[in-house]
Structure formats: C-alpha cells, structure tokens
Ligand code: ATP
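Encoded as structure tokens, the following chain is the form predicted alone, with no partner shown.
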Amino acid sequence: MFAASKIKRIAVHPLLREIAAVFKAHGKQVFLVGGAVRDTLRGAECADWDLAGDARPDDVMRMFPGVIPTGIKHGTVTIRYKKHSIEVTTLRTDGDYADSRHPDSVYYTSSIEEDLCRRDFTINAIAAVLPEGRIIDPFGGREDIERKLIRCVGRAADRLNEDGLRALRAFRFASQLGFDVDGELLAAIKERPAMISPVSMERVKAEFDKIIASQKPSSALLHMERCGLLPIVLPELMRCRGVEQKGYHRFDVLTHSLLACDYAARSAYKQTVRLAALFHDLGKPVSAKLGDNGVWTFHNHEILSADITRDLMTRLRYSNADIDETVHLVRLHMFNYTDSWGAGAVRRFVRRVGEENLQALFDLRRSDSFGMFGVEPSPLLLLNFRHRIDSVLAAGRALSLKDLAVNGRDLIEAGIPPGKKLGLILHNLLEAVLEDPEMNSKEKLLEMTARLSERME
C-alpha cells in the first residue's frame, strides 16, 4: 500500500528550485501548496503549481518580470516564468465570511501553519518547503490521503459556513480521487444543504464540470442526492428518482442516467456526450404514462428532454456551442435504424445528425444501452449502421444545399425569381440528390428546376 504518511519530503522540479532561489535571495520563504503537493503524495502527476510565501504582492512584482496581478486584493499574483504560469499567494489568515465566499478581511502572516488553517480539506492543507521539499502537514493530510478520505480542516460546519461551495467541492474531490467523505462533513452538509444557494452559477458550473470530467461522476451525484444538494443544484435530475421504466429498463430513470454518464466517463467520451448521457431522459418524468398492460411509456420524451436540457444548461451558464451540441444529441438519441433503410434514408439521417456529430451520437447510444441493464454493450452495436453510412457516403456526400451543383444564383439566371418558390425548389433538388447522388449535376438539376417551376405555376 502507498504510505503517504511516511513521506517526509518530495522531489522538487528544477524550475521550482530556480524560483525558490529568487525568493531566498530576497530573504523570503516560499512553499509549494495545494493540489500539487496532494497529487505528488498520491503518486500522481501534477498539472500545475501553486506557491505561497511571506513575500507580499508588490515584493513578488519587484522580484520577477512580467508578474500579473490576478487576485491582488487577496494577495495573489501570477508569475510568468519560462513559459509557465505560477500563482503565488502571500501567507495569510482570513477574517469572517459574511458572504459565504470571500473573507471580510485578510491578514498577512509569516506562518505557513496559520495559512494552512484557512484551507478547506486536510488533503489540501499540506505544504512543501522550497527548495528542499520538506513536508509540513499540521492536520494529518497525509494520513487522510492514505485512508482515501475527504475531511475538513477543523470543524466541518465552520469550513462550510465560510464558503457554501465547499460541499460540492468535497463531492467533486471524492469523484475525482475515488475517496470517501468524512462522516462529520456529510452530516454538516446534510444539516444545511441550502448553504449552496447563494453561490454563483459560474462557480457551481466549474465544480460540476470537474465532476462530469471525473472517472465516476455518479459518486458525487449520489452524495449530492443523499445530502440534499441535488434538488437544489439539479432539480430536473432529482425528479427522475423513482420514475420506473420496467419492461425496457432494469433501473429507474435517475439510476439509469447515472449509469449512462459513468459509462461515458470511463469510456473517455467527450464532455457533451457525458452531459447528454446524464440529461437525455430528463423528459421522462413529465411524459410517463402507464399503459393497460402495466408498462410505462414515454412518448416524445426526447423532445421534452432536449427542451429541459437547454433550460438547465442555460441556467448553469454553459456556452451556446456546448448547449446546442448537447441538446442536439439528446433530441436525436432515440433514432431507430433498421437494415430496411434505403440509401436515401441513411443520407437523410446523416444530414439531420450532421456528419461531425455521428460519433458523439453513437457514443451516447452505447452509454444509454449500458444504463438500461448495467451490462457492457456488444462491440457489434451500431457497427452495421456505421459501415452502411460509410458505404452510402462513399457514393455521394451531397448532404446540404451548399453541396448542390447549383445554387440560388443559378436558379435566378434560369428564370426563377427570388423568394419562397426558389427556396422550395432548392429543397426539392436536395431531396432528389439525397435519394440519388447521381442527380447532383448542374445539367440535371436545372432540368428538374424547369419541371418543378412549371408545376408551381
């Protein structure tokens, strides 16, 4: 077993040694803090470095060229050093948190132990003295790494009162690291789940994105459900609990959706597929109807799910591009291919989905399939359809108006006036080409245009 508690010092990157030498030359102490220390002690790679020291922001700006005052109000600046961006925060203690986010006052200190007191979880309250890498761990963070436990520094209720987002952060770390959550912390969150309500949606989204990017998002989402956060953060998802779908699925809608999302996560599917896997059945609670045969049906739930997903993602401040792609996948996830489809039907499907979205939609279908019974879908799932699409597209890739051998200007020169008639003719030309790619020549399309125009007289 990896004994983090036995580690007395960590290896320090040469670049950090260079930076530490600058601090030391100016009579200042500096420490590596936060996730870099935690991940090193876990035996994992570090994505970035955060430093803390007794140099104040104006001192750091004199010591290094090109320093960016990213959070100077709270003692943070960013050093640009050899193409790296490294945040440096002055050692500090915090006053009260009236707004449950920012301290009312900040007091600089020279004590790393006092600085670590203000941090959220013990695994994040470990420092390494630079340049030698000696560990400072006043709250037993190394033991908690070894036990795989998320535990607060000091009283859990106090830490949560300082920042309501810490409840969500605890669950995010649990899903990211595969850790358990301390019982005292769970109880404190369950006692006051509404503490997250004042937190801005931008901050909530940032944590939610990290949950979705983890290997097992359901770990965090189930914690959120048990502690009362899910109805506050994602009420649309919470409404899926208890919505049975026997006859087609083994699980209720929420469990099915969590399984689908977990499958997408461990398959390393992209973010929009993971989101679509989690949200694709949000319309089932409002579309559910129990048939005379005792089987639930959910007619058109994909349309309702798409609308609900758009509202939810808009509330969470997702970009329009992410919203549009996720909603598109949700809306189309119920496609039903059979071998009886003609080539024209296949081309129309590709046109509707968008060739660039085919892989994402097929990834979503695999995730959805796993969520039905918790069983790995066959490698052959959709394989015939994929081969069919490749074969059909090889015969002709005219899938939109811009792919036609004629355009609006050509039709106007042929005597079709601009307006509704011209648009209808172009639509008919595209349908003809989707059915038979060999129609896509200027001569044939202009001949068809003349015939269509006569019929519309």
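Just count from 1 along the sequence shown to find any residue number. No experiment lies behind these values; they were computed from the predicted model shown.
The discussion below concerns the form predicted in complex with ligand ATP, not included here.
Of the candidate stretches 407 to 415, 62 to 70, 385 to 393, 43 to 51, only 43 to 51 contains residues with a heavy atom within 4.5 Å of ligand ATP in the predicted bound form. Scanning F298, Y263, F173, Y318 against ligand ATP in the predicted bound form with a 4.5 Å heavy atom cut-off leaves one residue, F173.
Listed residues R203, R351, R241, H328 were compared with ligand ATP in the predicted bound form; R203 is the one with a heavy atom within 4.5 Å.
Taken together, the three residues D120, N124 and R166 all lie with some non-hydrogen atom within 4.5 angstroms of ligand ATP in the predicted bound form.
Under a 4.5 angstroms non-hydrogen atom cutoff, ligand ATP in the predicted bound form lacks P57 among its neighbouring residues. By the criterion of a heavy atom within 4.5 Å, H249 is excluded from the residues contacting ligand ATP in the predicted bound form. Residue contact check for K210: one or more of its heavy atoms lie within 4.5 Å of ligand ATP in the predicted bound form.
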